[in-house]
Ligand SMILES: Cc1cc2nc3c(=O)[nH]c(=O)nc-3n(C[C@H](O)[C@H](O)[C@H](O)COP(=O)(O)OP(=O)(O)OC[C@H]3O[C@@H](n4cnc5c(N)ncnc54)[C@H](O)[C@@H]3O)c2cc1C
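Only one chain comes next, encoded as C-alpha cells, the form predicted on its own.
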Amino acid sequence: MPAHALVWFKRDLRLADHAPLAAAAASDMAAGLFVIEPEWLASAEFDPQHLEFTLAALAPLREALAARGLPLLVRSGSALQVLMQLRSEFAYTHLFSHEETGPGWSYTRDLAVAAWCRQAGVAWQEWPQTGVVRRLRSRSGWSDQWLKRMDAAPVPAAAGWPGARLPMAALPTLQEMGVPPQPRPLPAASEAAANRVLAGFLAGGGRGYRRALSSPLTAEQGCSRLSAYLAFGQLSMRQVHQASELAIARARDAGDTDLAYGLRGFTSRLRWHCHFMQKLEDEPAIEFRNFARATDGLRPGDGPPVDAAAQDRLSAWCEGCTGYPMVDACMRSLRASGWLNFRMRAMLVSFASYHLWLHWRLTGPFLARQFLDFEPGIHWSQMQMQSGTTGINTLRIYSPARQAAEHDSEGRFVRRWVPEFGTAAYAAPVVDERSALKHAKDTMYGLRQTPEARAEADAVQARHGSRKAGLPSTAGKPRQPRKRTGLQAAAKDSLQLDLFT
C-alpha cells in the first residue's frame, strides 16, 4: 500500500533540521498541515500577537514548501476534527510531527489524536526537536543526553516532495478569525529573518552579552533576541547550539576573546532552556498546581478568595500602576513591546508574589499573553521558581529600588515609561514594602522549616532538580541568601537565567 504522509506543523515553522519533513520526502505522496485551533485561541495564555506572528511565519514557509512540491494547508478547527476531515480528502497513512511540550489543552489534544490514529490505522510518528526527553526515567546525566542530541548532525532539507494535489486557501487574517488587532510591533517572523538575527548575534552582537543581559537599557540590543524564533520553531535548538559553538571556535582562532566569552555565556543558557521545559514534560500538572503542595493555599488565587483588595493589587500590577517606578516601567515596557529581559521578568513575578502576595496562577496567564516568546515549559517552571512554590529553590525576593539603582542608575528607563514619576499624578505605593515583605518572609521561611516541607522538597528535588545533570553555571558566584532554608541542593536553579532572551 503506498505511503501517504501528512506533516503536522505546530511549533516548528521551518524547513531546516526538520525530521518530519525529511521523512515525508520518502513517501509516495505528501502534504503539510497547520491547524489554527479554537482551543488555542480561547486559552488563557493566548494573545493576538501570537496568531499574527504565526501567520507571518506561515506565509513564506508555504511559498518555500510549494516551490518544492509540498502543499501546506492552513485550516481552522479542533485538530482532531480537522485531521478526520482531511483524511476524506487525502487518504494519508502516516502522520508525522515533532513532539510538543505544551500547555494542558495541547496535551489533551495529543492524547485524543493518538487514540484516533490507533483506531483509524494511521501511523503517527513524532520526533524530538529540543533537548526535552520524553518518558525520562531519571534526571541524572540528563545534560549528557542533551549534548548528544544537540551535537548530532542536523536533518538535511529535502530537495522536494511528491506533493498531493490539494487546494490551498489564502491565509486567514486576524479579522476573519474574529481576533482583535494587536498594537505591538512584531519582529520579522520568517525562517530567513530568524537566521539573520542568529548570524548577527554570533558575528559580533553577542560580544557584550554577559554585561548587557541584566539591564533593560542594554538587554534590548545586547541579548540574542532569538527566544520567539525558538518558541515558534523558525530555528531548532540544535541549529542554534551548533552555530554558536562554531562561532566561538572562530572567535578564539581570531583572537576575539571578548566575543568568545560572551557567546559562551549564551550557550550555557541553551541547556537551561530545555532543563526547565523538561519539568513540564515530566509533570504536566505544574501548569495548574504548585510543585510543593505544602505551599497550597497561601496566597489569593490558590485557596484564599481573590477579594477586592487582592483584585486591586492585581489590577495595579497588570496596569503598571503600583507606585513602584521600576516595576511599573518594566510592566509598561512589556505591554508595549511584548518583550522584557529575564532579570526584569523575574522581578515582576517576585514583586507580585511577595510584595503583593498574589498566586502565580493569577499573574502567570497575564504575563503569558504579554510575552511574544511564551514557552509553556519555561514559563510555568519560572513562575513557580520566582514565586517560591517549588520547595527547592532559593527564595529570590527582588528589591525594585535596588534593581533600579543597579540597572537604571540614571533613571532613563523609568523616565521613558513612567513619565509622571516624581509628580503628583504618579500612583501612591499599592502596599507598604516593609510590612509586606515581613509577612512574606515570615510565612515562606517559616513554612520551609517544617518537616512536611523538607520531606516534600526531597521528592521534588529527586524528580526535577539539576543534580548530577552536568548543567553549566550561568553566572558568576551566586549571591548567598540571607537565611538558609536547608534546601540548597538545587541552588543552581536559582541563578539569573537569560532563558527568554
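Quick note: we count residues from 1 along the sequence shown, nothing fancier. Given the structure is predicted, the values throughout are model-derived calculations rather than measurements.
This next part talks about the form predicted together with this ligand, which is not shown.
Chemist: Any chance residue 407 has a heavy atom within 4.5 Å of this ligand in the predicted complex?
Modeler: Because no heavy atom of residue 407 falls inside 4.5 Å of this ligand in the predicted complex, the answer is no.
Chemist: Find out whether any non-hydrogen atom of residue 318 is located within 4.5 angstroms of this ligand in the predicted complex, and reply yes or no.
Modeler: Answer no; every heavy atom of residue 318 is more than 4.5 Å from this ligand in the predicted complex.
Chemist: Determine whether any heavy atom of residue 273 comes within 4.5 Å of a heavy atom of this ligand in the predicted complex, and answer yes or no.
Modeler: Answer yes; at least one heavy atom of residue 273 falls within 4.5 Å of this ligand in the predicted complex.
Chemist: Quick one: is residue 241 in contact with this ligand in the predicted complex, heavy atoms, 4.5 Å cut-off?
Modeler: The answer is no: residue 241 has no heavy atom within 4.5 Å of this ligand.
Chemist: Scan 101, 290, 403, 224 and let me know which has any heavy atom within 4.5 Å of this ligand in the predicted complex.
Modeler: After the contact test, the surviving option is 224.
Chemist: Heavy atom within 4.5 Å of this ligand in the predicted complex: which of 334, 378, 259, 83?
Modeler: Of the listed residues, the single hit is 378.
Chemist: Among 352 to 360, 187 to 195, 263 to 271, 308 to 316, which stretch has residues whose heavy atoms lie within 4.5 Å of this ligand in the predicted complex?
Modeler: So the stretch in question is 263 to 271.
Chemist: Tell me whether 340, 371 and 383, taken together, all sit within 4.5 Å of this ligand in the predicted complex, counting heavy atoms only.
Modeler: Yes: 340, 371 and 383 each sit within 4.5 Å of this ligand in the predicted complex.
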